[in-house]
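Quick setup: one chain, the form predicted alone, written in structure tokens, and binding and motion questions come after.
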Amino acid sequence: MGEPATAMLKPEAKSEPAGRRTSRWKKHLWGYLFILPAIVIFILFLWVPIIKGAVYSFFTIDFVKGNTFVGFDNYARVLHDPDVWTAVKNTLYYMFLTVIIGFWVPIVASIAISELRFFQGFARIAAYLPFVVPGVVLYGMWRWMYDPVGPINGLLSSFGVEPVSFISDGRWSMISIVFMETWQQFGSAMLIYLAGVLSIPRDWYEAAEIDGAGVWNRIRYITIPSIRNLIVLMFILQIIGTSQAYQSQLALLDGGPNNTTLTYALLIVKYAFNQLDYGSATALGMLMFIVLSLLGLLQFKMNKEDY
């Protein structure tokens, strides 16, 4: 009898010849060699510290007497430290302010620049220039601007407003830092949004103009929907980035006044370099790593079909 129809229809498994696999490996060998240094650097300066931090979080670090295994004692200590929860609250407040005050600024700037008919190149450069200001100059300049007799209070006094202690008053200190960072950093995000806006086919805008759509309708029905996924991606990246903020808080106020600008990352720095408690510092770092990893997985899941 003949073979069953299913057996006749089943394709034969063909294995790739060994010679072809070897030639394919040789073809891509130079490419692998070129990316090898980047892979080595990535492992040495990212994953090795992460793994060592996970290990050290279970030890009391002593460079003289040696390390002592303490299990979860470091985690218990930091979770019972009231400064940790103050830092978490301040960090969440800081993240909220950056979204309310600063997140929409580069989006608006990129759309406005894309609509310019003239001087678009000059506008791009002008918006990006604050990002290249060195940190030392930046903090010194804004300390002077926030001074009770500085230009901002001088402008407010011309409207009859009393001088505001932007830095020394806990009600304004974090808000002042967010305004400073928004001014400096919105230019880099603006260029990313601008690239997304300029990648939208111009035919769509021309068709909308022919149909009588104004600027607002073009932005509402073409620009915003086209860069929606980019906005979500940048939002997740901003949340991750702002959760690690400490440089401005350290340079301007060192967490003050009264710990109102003490962020989570700044507390890690203080644990490690002020108290020399490296075990607790790495425990705090691992807790942050877990939270940020979950955010990264969330971002990947939300954008896996588009990126």
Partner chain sequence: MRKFSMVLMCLLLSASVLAACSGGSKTAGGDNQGSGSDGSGSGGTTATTDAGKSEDDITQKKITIKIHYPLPDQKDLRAQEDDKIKRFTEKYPNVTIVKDDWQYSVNEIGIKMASNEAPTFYNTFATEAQMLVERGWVADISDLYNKWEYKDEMNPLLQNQFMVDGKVYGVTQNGYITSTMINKALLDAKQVPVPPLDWTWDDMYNTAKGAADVKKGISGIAPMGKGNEAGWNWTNFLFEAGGEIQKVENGKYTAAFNSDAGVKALDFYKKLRWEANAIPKDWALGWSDALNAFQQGRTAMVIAGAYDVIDAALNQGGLKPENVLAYPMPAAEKGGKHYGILGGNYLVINPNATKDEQEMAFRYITFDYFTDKGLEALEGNIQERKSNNKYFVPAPLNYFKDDSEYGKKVAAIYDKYDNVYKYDPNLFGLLDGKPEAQYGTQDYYGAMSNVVQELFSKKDTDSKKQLDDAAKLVQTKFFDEIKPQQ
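Bear in mind the structure is a predicted one, so any value in this text is a computation, not a measurement. Positions refer to the first chain, counted from 1. Take the two forms, superpose them, and find the largest set of C-alpha atoms that agree within 1.5 Å; that set is the rigid core.
FYI, the form predicted together with the partner chain isn't displayed, but the following is about it.
Asker: The partner chain is absent from this chain, but in the predicted complex, do Ile41, Phe45 and Asp81 each have a non-hydrogen atom within 4.5 Å of it?
Answerer: Looking in the predicted complex, the three residues Ile41, Phe45 and Asp81 all sit within 4.5 Å of the partner chain (heavy atoms).
Asker: Does Val149 make contact with the partner chain in the predicted complex, using a 4.5 Å heavy atom cut-off?
Answerer: The answer is yes: Val149 has a heavy atom within 4.5 Å of the partner chain.
Asker: So, in the predicted complex, is Ser226 in contact with the partner chain at a 4.5 angstroms heavy atom limit?
Answerer: Looking in the predicted complex, residue contacts with the partner chain do not include Ser226, since no heavy atom lies within 4.5 Å.
Asker: In the predicted complex, does Asn259 come within 4.5 Å of the partner chain, counting heavy atoms only?
Answerer: Yes.
Asker: Val55 versus the partner chain, in the predicted complex: is there a non-hydrogen atom within 4.5 Å?
Answerer: Outside the cut-off, so no.
Asker: Choose from 68-76, 92-100, 231-239, 162-170 the stretch whose residues reach within 4.5 Å of the partner chain in the predicted complex, heavy atoms counted.
Answerer: Heavy atoms within 4.5 Å of the partner chain in the predicted complex occur in 162-170.
Asker: For the stretch 259-274, return the residues whose heavy atoms include at least one within 4.5 Å of the partner chain in the predicted complex, in the order they occur.
Answerer: If the 4.5 Å heavy-atom criterion is applied to the partner chain in the predicted complex, 259-274 yields Asn259, Tyr271, Phe273, Asn274.
Asker: Kindly check if the Cα atom of Trp30 is displaced 2 angstroms or more between the shown form and the other one relative to the superposed rigid core.
Answerer: Yes; that C-alpha moves by at least 2 Å between the shown form and the other one.
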